[in-house]
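Consider the single chain below, provided in structure tokens and representing the form predicted on its own.
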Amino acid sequence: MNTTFSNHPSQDLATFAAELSFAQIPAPVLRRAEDLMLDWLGSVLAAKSARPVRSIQRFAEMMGPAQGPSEVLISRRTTSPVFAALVNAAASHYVEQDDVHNGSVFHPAAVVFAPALATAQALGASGAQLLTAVVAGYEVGIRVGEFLGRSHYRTFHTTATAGTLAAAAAVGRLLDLSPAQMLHAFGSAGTQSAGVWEFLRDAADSKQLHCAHAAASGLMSAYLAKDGFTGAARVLEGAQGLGVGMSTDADASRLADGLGSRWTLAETSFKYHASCRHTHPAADALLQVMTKNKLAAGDIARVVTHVHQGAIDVLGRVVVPATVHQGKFSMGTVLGLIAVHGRAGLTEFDRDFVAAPVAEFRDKVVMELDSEVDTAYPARWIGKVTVNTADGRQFAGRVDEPKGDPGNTLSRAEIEDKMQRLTQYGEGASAEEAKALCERIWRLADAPQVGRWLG
């Protein structure tokens, strides 16, 4: 792999994605990619009956072919690659259990696996080819997210914006694009990047559309590039590119950072709680305090969560959640579920996100900007809480690596258990089917052809 970089970082990134081979990827990175794939699959199947996802599914059924080479996982129907990617990506992000890369504040699985799987099925690709494409998508999308910087995330949903390029890279690798064609795919994907946070204020369904659009647009961009369609050569760092239009701290040096030696896929975290990742550090810190000091929810009078600015920017918009999904972006609701039930899982959210004990605890929780936490973010997501009890005691909790981070990761047994719980929750697959999917993914690297997964 050529690791000599030019003064054209977009081209360097495109060349890396186009030339990446299975043999160049370290074995631990490939095993991590398999872990992430199984984790993603659970999230998709958990969203089988979700109303916004079903809306996008019905749209795809109206507009797309009734049969095709690519599988819609939640319906077990087949269609064209673009419509399968559209629906599977929409389902990926609904239950808030998909992965996240801390430094880029980006959820790669939602926008990489869906278009990559759909394309691999259409092409008859091998498991090794699919894994290579997935790694290319992660490495590109994460670096684009890091390039766009912290300012971007205040308004834009990075999974939606960087996600178009991640999807283009994954599909482009499967299509065997040349470096020049991959750069064109990036140009077409970048000019379609979109997705803003305003939907949180209204509890709107836009997050599912963000993922669907990113996956489908990235896939289309790669296929167009294969056909000779051209895109902007510097859509990221150019004078009128994404960096200028969507950020005030864009750093083009991040685009080619460590290509071929730093594998950002291995830095990706799993989600333990079924909520926005910004709530997880404080949730773990609160659980630590309550467990250590044997506190019950009723013992606590006030909780101060010491957070980074990004958490305030996103979570501060939700005061009293109107829907389960909005509740996942409410720090007080998440901590209320932790305090009352000891966990903030899908069942707890569905049943109790506005229940009296949780709502009462929600009103005891405040967020305060903490300079240490804010300085460490986004490379590290530190959890700090101060807990005041009704009888006048005060306790401090601190978690330097929330559950699911690379240094505090989930084992394969824990990932399998999570996947089984997600599929059971959404009734997306039977226990026997879920077990078979686990075994299939652990053997994916040796599969001569990806084929269908369900049905």
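None of the values given here were measured: they were computed from a predicted structure. So that there is no doubt, residue numbering starts at 1 and follows the sequence shown.
Keep in mind that the form predicted in complex with a further copy of the same chain is missing from the display, and what follows is about it.
#### Entry: in the predicted complex, the residue from Leu165, Leu219, Ala110, Leu337 that sits within 4.5 Å of a further copy of the same chain by heavy atoms
So the residue touching a further copy of the same chain in the predicted complex, by this definition, is Leu219.
### Message
Which residue, Ser188, Gln129, Asn102, Gln121, is the contact with a further copy of the same chain in the predicted complex, using a 4.5 Å heavy atom cutoff?
### Response
After the contact test, the surviving option is Ser188.
### Task
Sort through 342-350, 368-376, 255-263, 208-216 and report the only stretch with a non-hydrogen atom within 4.5 Å of a further copy of the same chain in the predicted complex.
Looking at the partner contacts, the answer comes out as 208-216.
### Message
I'd like to know whether Arg393 contacts a further copy of the same chain in the predicted complex, with contact meaning heavy atoms within 4.5 angstroms.
### Response
Taking the distances in the predicted complex, the answer for Arg393 is no, it never comes within 4.5 Å of a further copy of the same chain.
### Task
Answer for Pro179 alone: is it within 4.5 Å of a further copy of the same chain in the predicted complex, judged on heavy atom distances?
Contact with a further copy of the same chain, no.
### Task
Check whether Gly404 has any heavy atom within 4.5 Å of a heavy atom of a further copy of the same chain in the predicted complex, and answer yes or no.
Gly404 lies outside the contact set for a further copy of the same chain.
### Message
Would you classify Ser269 as touching a further copy of the same chain in the predicted complex, given a 4.5 Å non-hydrogen atom cut-off?
### Response
So Ser269 does not count as contacting a further copy of the same chain.
### Message
Each of Thr230, Ala233 and Gly238 having a non-hydrogen atom within 4.5 Å of a further copy of the same chain in the predicted complex: is that the case here?
### Response
Verified in the predicted complex; spot residues all in contact, yes.
### Query
Taking a further copy of the same chain in the predicted complex, which residues of 52-88 have any heavy atom within 4.5 Å of it?
Counting only heavy atoms within 4.5 Å of a further copy of the same chain in the predicted complex, the contacting residues of 52-88 are Pro52, Ser55, Ile56, Arg58, Phe59, Met62, Met63, Gly64, Pro65, Ser80, Pro81, Val82, Phe83, Leu86.
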